[in-house]
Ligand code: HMG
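First, one chain by itself: the form predicted on its own, in structure tokens.
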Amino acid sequence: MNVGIDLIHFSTSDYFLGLDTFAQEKNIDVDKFYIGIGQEKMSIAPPDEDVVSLAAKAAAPILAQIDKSDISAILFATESGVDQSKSAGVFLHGLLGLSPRCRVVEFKHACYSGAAALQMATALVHMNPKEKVLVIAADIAKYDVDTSGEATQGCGAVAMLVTESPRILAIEPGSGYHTEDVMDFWRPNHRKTALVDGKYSTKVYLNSLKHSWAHFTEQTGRSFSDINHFCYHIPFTKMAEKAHHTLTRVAKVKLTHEQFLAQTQPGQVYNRIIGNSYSASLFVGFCSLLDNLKEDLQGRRVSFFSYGSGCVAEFFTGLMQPGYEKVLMTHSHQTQIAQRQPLSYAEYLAFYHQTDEAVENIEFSQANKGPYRLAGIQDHKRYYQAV
């Protein structure tokens, strides 16, 4: 029985900050971003946008194509959750009007949690083929102003419907994984923004890739040459290039420059202009591959490397299914990106500082142009609107 991704759709915010604008404000050569980290823009969430509204915008086009009462579980992955007790998925469940005959849980481990939720959903469907599981990976990457991480912010959500006989990708059995207790990136409970040791995190990322790959080859017997396209967790696109260089060295494979680009570049297009979306980043990259590669992917093997700081990592693969291109939502993805509104640095700062969720009562003015928004907080209770 094949199990995997039947439908996939992502969302991002209605605004972006260009790194040319950012570089000018900071008096930095823009090539530090365009070339140095491989980023051009970062999606910026307004105060009335959070992971729940982003998730609803990602999931709604999927639910419109099915009987939404068939959804048997929501697995919501995020590291920018909205409540320390209540799952963001329950807010989403209510906002989208899903059946009460549904289980909901939130997954957390930095950027790895999206891959974890996908694997758990796959296991649920293998146990009971009647299951239709909605996997959500949604995050808003936010760092302190005037820190090294500020230029790598972004936001996005990816919704995936996991079923038997999937129309897009069948997840293959067997994967390689690695866990190690390190402090390369973390966010204590009292902080709204993360702390990161950037150089150390890059080192741990690549080390985790080596270990996960070794375990993957042991578990599956597959080699580098068995894989056609490679998707990586992308905090910034240069990281994916470093990862693929590392993997080719470990696998003792020599690629031409053209082969290297063909295996990796289509999956970087969206991340370069959206920025980091933490748990969603890997799957935004997969959407980018699907939407931007002009070749037929039917029958090809795609690999996924998920890295979550702290750290947990996993390497797994899937096979592209016949007719996958008929159910892609490329137009929606590209329209969202094209219709974003540019921000000045001052406007970005106004968004950045306006959001204070620690207050007991707040009503947000409407900046979010999407179909769902965070309307306000009353007595510390969040409430949402379908616009």
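Quick note: we count residues from 1 along the sequence shown, nothing fancier. Predicted model only: the values in this text are computed from it and were never measured.
Below, we turn to the form predicted together with the named molecule, even though it does not appear here.
The shortest heavy atom separation between residue 270 and the named molecule in the predicted bound form exceeds 4.5 Å. Of the heavy atoms in residue 199, some are within 4.5 Å of the named molecule in the predicted bound form. Residue contact check for residue 64: none of its heavy atoms lie within 4.5 Å of the named molecule in the predicted bound form.
The closest non-hydrogen atom of residue 309 lies within 4.5 Å of the named molecule in the predicted bound form. Taken together, the three residues 31, 185 and 239 all come within 4.5 Å of the named molecule in the predicted bound form, as judged by their closest heavy atom. Segments offered: 83 to 91, 216 to 224, 231 to 239, 165 to 173. Contacting the named molecule in the predicted bound form at heavy atom distances within 4.5 Å is 231 to 239.
This chain is drawn without the named molecule; in the predicted bound form, the residue among 148, 99, 298, 128 with a heavy atom within 4.5 Å of it is 148. Screening 133, 287, 116, 110 for any heavy atom within 4.5 Å of the named molecule in the predicted bound form leaves a single hit, 110.
Residues of 152 to 172 that come within 4.5 Å of the named molecule in the predicted bound form, judged by any heavy atom, reduce to 152 alone.
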